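What follows is one chain in structure tokens, specifically the form predicted alone.
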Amino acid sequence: MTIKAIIFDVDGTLADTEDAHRKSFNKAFAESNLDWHWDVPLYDKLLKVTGGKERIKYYVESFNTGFNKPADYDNFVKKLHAVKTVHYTAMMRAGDVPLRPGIKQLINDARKAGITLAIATTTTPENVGALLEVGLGKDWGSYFASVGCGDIVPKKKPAPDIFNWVLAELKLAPSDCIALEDSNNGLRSSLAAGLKTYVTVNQYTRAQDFSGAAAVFDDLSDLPAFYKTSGLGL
């Protein structure tokens, strides 16, 4: 079977961004006069929930239950997340977070071979653009036939909605594609959409359960091994 498309997650997959997110949240908290601080062990727990706004709410509900919620709580969370996004995109544009090993070469090899590329992520369009403009260039959008991100679907990972949305845009069957993910939530999402999925782990996801993955790699620094395992034939 010939693989027609690769669907990429972003955070932790295309780049090791999770700690940049954590630091950006902390900058937003300080700027908003909140005495919150997310250290690495806490953020590891918060990553159980996908989506930045959802993660803030999870923190308040499960780890900061004494917080006095403002009257318009949803708007408070939305504004706080917007401040965080400003800090995060600034870090990306400064080139503080490079693409992970092998990613740029994989993208270039796949494009030369006529394999369609797509993105399925819970992060915002601003975050995706800030990262890939530095990593791939200002024309990065032309690399991808579909970019599914942020709030364009009602349910975020581990629900399959974002992958189903991308598959519909590509007009391809799940069997024609493979997915690249880095977390248990992402894997559950892609598998629920019927996609054969390969995982590259990072410091936050290394110990997670990846049952059902086609293969698990530390990274893609050994692309020939990945090409052989995945059947890409590149």
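The first residue of the shown sequence is 1; numbering continues from there. A quick note: this is a predicted structure, and the numbers were derived from the prediction, not measured.
The same protein also exists as the form predicted in complex with xylulose-1,5-bisphosphate (XBP); that form is not shown, yet it is the one meant from here on.
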Please state whether every one of the three residues D16, G135 and D219 places a non-hydrogen atom within 4.5 angstroms of xylulose-1,5-bisphosphate (XBP) in the predicted complex. no
At the 4.5 Å heavy atom threshold, is N164 in contact with xylulose-1,5-bisphosphate (XBP) in the predicted complex? no
Heavy atoms within 4.5 Å of xylulose-1,5-bisphosphate (XBP) in the predicted complex: does T123 have any? yes
Exercise: R55 in contact with xylulose-1,5-bisphosphate (XBP) in the predicted complex, heavy atom 4.5 Å: yes
Could you tell me if Y43 has a non-hydrogen atom within 4.5 Å of xylulose-1,5-bisphosphate (XBP) in the predicted complex? yes
Note: xylulose-1,5-bisphosphate (XBP) not shown here; in the predicted complex, the stretch from 68-76, 108-116, 94-102, 123-131 having heavy atoms within 4.5 Å of it is 123-131
Using a 4.5 Å heavy atom cutoff, which residues in 200-234 contact xylulose-1,5-bisphosphate (XBP) in the predicted complex? It's fine if the answer is none. none
